[in-house]
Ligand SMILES: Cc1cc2nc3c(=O)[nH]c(=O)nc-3n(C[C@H](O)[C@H](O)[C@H](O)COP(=O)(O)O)c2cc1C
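Next up is one chain by itself, shown in structure tokens, the form predicted on its own.
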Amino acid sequence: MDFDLSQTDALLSTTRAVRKRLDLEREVGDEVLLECLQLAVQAPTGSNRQGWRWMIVRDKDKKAALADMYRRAGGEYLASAAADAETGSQTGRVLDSANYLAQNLEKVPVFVIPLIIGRLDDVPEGTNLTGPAAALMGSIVPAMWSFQMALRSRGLGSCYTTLHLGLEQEAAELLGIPPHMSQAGLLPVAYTKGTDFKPAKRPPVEEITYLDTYKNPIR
């Protein structure tokens, strides 16, 4: 199979965390969400269990309640961090954008909450959680990223947020999520104001890649 690498690379390198450029006024239909989710569930899962599930939230009262949880769980931190960040720096822009989203979250047309069957609470006491956590989240995060890239290719945007997970049980009660399911985040979804996103500034991979031992940079 031949791919247009220029298009593929552009999609991979410009699927950004979108916050300030989410169109809060334009409706997002079920058809486009389901189309993107159909692509998302092609992602691999641990032991091929296919344990992903998806919660779409449109109800205004439930969105407002989730936004309130989001702010209670981390809004104060975001506002403080944004105020203290260096003006004009990449980190400062990201924190300002994250604070903007926190203050306007309930206005986003639709939330998508990715779920995965299983709980880290069920891991036996004393077990090193690194492996179980990697296996559990590794079975849903690839699908979340595929979903976000599918959105990008259709003129929509999102960002991977996790702040409300500090109040995960409260959110589960609000949404009727059963106790054997884990929430992996909250994806605010909207059409974007423009589609001209660009690659972000990142360090050269040669500086963060190692060969055989962490003390041996690849170059």
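Since the model is a prediction, treat every value here as computed from it, not as a measurement. Position 1 is the first residue in the sequence shown; the rest follow in order.
A second form of this protein, the form predicted in complex with the ligand, is not displayed here; the remarks below concern that form.
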ask   = Of these, 163, 40, 190, 57, which has a heavy atom no more than 4.5 Å from the ligand in the model of the complex?
value = 163
request  = Given the ligand in the model of the complex, answer whether the residues 19, 98 and 101 all have a heavy atom inside 4.5 Å of it.
outcome  = yes
query = Wondering, does residue 135 line up within 4.5 Å of the ligand in the model of the complex on heavy atoms?
reply = no
key: Contact test in the model of the complex: residue 159 vs the ligand, heavy atoms, 4.5 Å   = yes
query = Can any non-hydrogen atom of residue 200 be found within 4.5 angstroms of the ligand in the model of the complex?
reply = yes
inquiry  = With a cut-off of 4.5 Å between heavy atoms, is residue 94 one of the residues that contacts the ligand in the model of the complex?
reply    = yes
